[in-house]
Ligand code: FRU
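Quick setup: one chain, the form predicted alone, written in structure tokens, and binding and motion questions come after.
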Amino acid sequence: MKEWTREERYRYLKDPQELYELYQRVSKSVYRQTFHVQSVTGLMNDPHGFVWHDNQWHLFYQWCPWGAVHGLKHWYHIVSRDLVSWKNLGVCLLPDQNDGYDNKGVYSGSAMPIGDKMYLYYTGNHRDADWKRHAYTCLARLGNDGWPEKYPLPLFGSHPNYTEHQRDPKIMKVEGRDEYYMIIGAQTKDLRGCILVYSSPDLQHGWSIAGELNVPGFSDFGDMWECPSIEHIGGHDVLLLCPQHITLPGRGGTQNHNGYILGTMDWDTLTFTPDGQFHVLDFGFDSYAAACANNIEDTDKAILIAWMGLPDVSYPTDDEDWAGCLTLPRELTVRGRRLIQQPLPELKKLRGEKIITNKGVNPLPKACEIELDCRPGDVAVKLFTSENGEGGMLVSFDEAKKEISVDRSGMTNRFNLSEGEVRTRPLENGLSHLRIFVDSSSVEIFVNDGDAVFTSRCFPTKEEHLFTTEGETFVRLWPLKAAVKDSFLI
């Protein structure tokens, strides 16, 4: 694997043609996705700035153009009418090439539309001459011509009572309150994750610190909280966050997580009172930095999309100088004391002609959707098996244990072994339904109509192109059409 120098990682992009040869090479990869958003070149990670504006969905993602490395980050812009088919618009926010407030990266943030303008809030990653980090919360205005205008000064800088790890501003308007709020992931001086709250009567000016969010019972839960958000879904407040460097039961060696807490938010006291424990959003191997769309009118649900990857790990396509994709957008609702995640109904537009599969070994299209209705008893689905039905990724339900598990240790290309190769989730009411989306290098499994989700990257060889099922199931399969065109727009 390539060892990147600091100069290579933080090289400024001056001409799109500098990337054309890399784009041509990357586009030939057998692991390029068919219906998932992925970067044109290099590395993509956090989605952000997710918003409905001007009769279309806007989404941005972190992009390092040169290769599969966390270096100089940009905001890349894509749009969609239906959250299924996406169009590249090219890079939107670039780091300042001089000594500006974002001279070493335009980091994650959020967006808020007002009139025909869209305001982009982001973390400016600044490094001084001694390479010391300084974080600034910055603002840009995106006009209807698609060109961003950065404000010359940041809204505010790092709070001195916390470490330099202060990032990922989420802008929000709370119903019934006059001011706007912004929450930011942060780290205390004694290395505990937390959230800072800022407020202002105006989107563009007058921001001041309101205080630190109090979350009783979670004062020592990881050493940094990334990508925080507070959503109101179906009468419930939901705190989403990514606690870092903490080990959780059932999550193998993974130390970076994406999850949520249901509870009640009191903006007067800046207290989020939990109604239960921390739940992971996704029980699979590769999901992080989930972002919910701003500016949707239906308060009974939210729309979420996440990075299909993790910090501090590597993937087989790193050697091809690209990495990362986004999950399918999901509709979030609350059922009982849990978030329910379901694929959008619009995804059915990608279906080809339905195939009724046989018992035994069946062909597995490169891009497809598999749906299983399951009767009581043990169930097993093997994806990416060889000709004899061996190997691959095993999805299994144990009726006696009332537990579903995903095991990717049977794949030829094994990676991130220190994170663990098996993920499990209890199913107290048994297994009744599976909906599985297979793409060139990923699998997303929706269990019992969204009660649980397993998202995983996987990189099958050309021999691993079949699947099998066991147990009392009724199986349907649809090949899926392409939904993303990786046109070379920089």
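Heads up: residue numbers just count along the shown sequence, starting at 1. All figures in this text were calculated on a predicted structure; none of them were measured in a lab.
Below, we turn to the form predicted together with beta-D-fructofuranose, even though it does not appear here.
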query	finding
beta-D-fructofuranose: the contacting residue among 102, 286, 369, 226 in the predicted bound form [heavy atom, 4.5 Å]	226
beta-D-fructofuranose: the contacting residue among 121, 315, 307, 397 in the predicted bound form [heavy atom, 4.5 Å]	307
Check all three, 52, 170 and 294, heavy atom within 4.5 Å of beta-D-fructofuranose in the predicted bound form	no
Any non-hydrogen atom of residue 455 within 4.5 angstroms of beta-D-fructofuranose in the predicted bound form	no
beta-D-fructofuranose contact in the predicted bound form: residue 327, any heavy atom under 4.5 Å	no
4.5 Å heavy atom contact, residue 207 and beta-D-fructofuranose in the predicted bound form	no
Proximity of residue 442 to beta-D-fructofuranose in the predicted bound form, heavy atoms at 4.5 Å	no
In the predicted bound form, segment of 171-179, 343-351, 188-196, 104-112 with a heavy atom within 4.5 Å of beta-D-fructofuranose	104-112
Sequence-ordered list of residues in 69-97 near beta-D-fructofuranose in the predicted bound form, where near means a heavy atom within 4.5 Å	73
